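One chain is shown next in structure tokens, namely the form predicted alone.
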Amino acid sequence: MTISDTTEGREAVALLERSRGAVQPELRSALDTLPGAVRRVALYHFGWEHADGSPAAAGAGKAIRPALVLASCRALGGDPARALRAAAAVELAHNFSLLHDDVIDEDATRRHRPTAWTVFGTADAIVAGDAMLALALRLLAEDGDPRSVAASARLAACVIELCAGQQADCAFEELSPEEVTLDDCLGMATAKTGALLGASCALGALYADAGEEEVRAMDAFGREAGLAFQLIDDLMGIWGDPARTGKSVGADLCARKKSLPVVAALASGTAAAEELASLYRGPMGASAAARAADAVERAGGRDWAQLQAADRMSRALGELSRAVPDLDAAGDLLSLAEFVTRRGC
């Protein structure tokens, strides 16, 4: 049984569907303002068009980040309709990062389709990502809400942090296994994943007219939940079912990514860690990747990541209670957090 088969999972899926339905008109309206060639790549990436420009229904992802914006606004007593543009801006910023990540990582598939760069070329995919980021900031700049200035500044700062995390992730690939510490890897994951989830929650709080202390607590909640999310995502990158992840088995290992379970395994001081380090120094085809996955598990990397994910969610709930003392008001946020941190189990 998967998390989506449970009562809590079904509630989270329904919440995500409602959030997508609310935000999609803002997204489509924004994307339709892009120049033709750029718009074509963007709409393909979101799954709304085929490569030839004909309509498609491939799905635009789970829309977790916009759902967090709306749920955070609601939890703090705000009107989620006020935060729809902010939610769309967050999703545009996220998809900017996905387009670039696919190019950097040379990933061939996303959401069970060929990635945009494999269809339209590297240059067009990068340019479309750049345009999405600019569009995200324009959405906030043109919003008449008095909170939009603070929201724009927070999202821009988040994207800079996200880029630093991506740069660190790329740099790790050039380093030997012994040169990447667990603290380095946790810092990278917080910047690359946690920052945008934190910003999503903070933007929702801003549009609920929350105070600075509550906004900071919501940002911290999202960051901790984001790190839990990344831990689970890293586990899925090694052991996930391709039918669910949309990526080939062992792709992260073949790319010699220093993901959190891998770095934890390498730091274990075990014989399996030495075996894993040796594998990371040599050619990493499918057979070597399978042996590497086994070594990560024997070295304790899988168990460590699962325990860390639970611990980070506990910290996230502590931060959430600072902003929303009555957690009954944060039911949607709790459902989303449960969903994203158990989806790989």
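So that there is no doubt, residue numbering starts at 1 and follows the sequence shown. Note that the structure is a prediction, hence the values are computed from the model and not measured.
Just so you know, the form predicted together with a further copy of the same chain exists too; it's not on screen, but the next bit is about it.
Look at 263-271, 92-100, 208-216, 223-231: in the predicted complex, residues with non-hydrogen atoms within 4.5 angstroms of a further copy of the same chain sit in 92-100. Although the partner is absent from the chain shown here, none of E178, D183 and M188 has a heavy atom within 4.5 Å of a further copy of the same chain in the predicted complex. Although the partner is absent from this view, R111 stays clear of a further copy of the same chain in the predicted complex, with no non-hydrogen atom inside 4.5 angstroms. At least one heavy atom of E142 is located within 4.5 Å of a further copy of the same chain in the predicted complex. Taking the partner from elsewhere, D130 is found to have a heavy atom lying within 4.5 Å of a further copy of the same chain in the predicted complex. In the predicted complex, no heavy atom of A243 sits within 4.5 Å of a further copy of the same chain. When you look in the predicted complex, the only residue of A37, L307, L317, A288 with a non-hydrogen atom within 4.5 Å of a further copy of the same chain is A37. Checking M236, L135, L84, A251 for any heavy atom within 4.5 Å of a further copy of the same chain in the predicted complex turns up a single hit: L135.
Residues A157, V159, I160, C163, A164, Q166, Q167, C170 are the members of 157-181 with a non-hydrogen atom no more than 4.5 angstroms from a further copy of the same chain in the predicted complex.
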